[in-house]
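So this first bit is one chain, no partners, the form predicted on its own, shown in structure tokens.
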């Protein structure tokens, strides 16, 4: 006669790991490098926010990095001019320099519109 292996029950009081939300594969991680709250920096942020709300609703994260407070941060993404937008994700990394007022160029730079 064959015997079945004994089943081991897990106690109901055993702690369970919380389920992690799946990372959104379509999520955009954007870094905007600025130098203080200059008019050009504020315009770049407002333009970026508007573009993201219209074209990436719920699929983006914006990190604003002020180089006046942390100038060493410029080295990591090789920032030479400000304001500069860096698309960290999805890969590949892309950079757009300026106040982001030309929406079409920003959308092309973020790969949201095909290049002509």
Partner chain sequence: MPKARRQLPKAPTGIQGLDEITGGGLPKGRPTLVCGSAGCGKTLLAMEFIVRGATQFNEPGVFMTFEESAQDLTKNVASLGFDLKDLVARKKLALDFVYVERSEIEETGEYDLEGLFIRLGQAIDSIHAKRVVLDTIESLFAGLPNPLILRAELRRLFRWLKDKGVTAIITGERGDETLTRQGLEEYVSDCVIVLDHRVSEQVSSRRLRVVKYRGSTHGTNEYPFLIDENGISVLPVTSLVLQHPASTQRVPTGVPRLDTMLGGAGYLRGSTVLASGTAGSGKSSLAAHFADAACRRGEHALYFAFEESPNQIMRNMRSIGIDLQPWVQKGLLQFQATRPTFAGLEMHLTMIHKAINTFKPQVVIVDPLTSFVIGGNETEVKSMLMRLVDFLKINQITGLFTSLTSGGGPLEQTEVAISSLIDTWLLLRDIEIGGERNRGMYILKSRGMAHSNQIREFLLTDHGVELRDVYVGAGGVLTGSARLAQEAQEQAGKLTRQQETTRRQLELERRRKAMEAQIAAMHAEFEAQETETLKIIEQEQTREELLVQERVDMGLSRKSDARANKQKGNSK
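Everything numeric here is computed off the predicted structure, so don't read it as measured data. Positions refer to the first chain, counted from 1.
Another form, the form predicted in complex with its partner chain, is not on view; read the next lines as being about it.
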| item | value |
| --- | --- |
| Contact test in the model of the complex: residue 37 vs its partner chain, heavy atoms, 4.5 Å | no |
| 4.5 angstroms heavy atom contact with its partner chain in the model of the complex for residue 64 | no |
| Proximity of residue 75 to its partner chain in the model of the complex, heavy atoms at 4.5 Å | yes |
| Heavy atom of residue 32 within 4.5 Å of its partner chain in the model of the complex | no |
| Partner-contacting position among 57, 27, 46, 80 - heavy atom within 4.5 Å of its partner chain in the model of the complex | 80 |
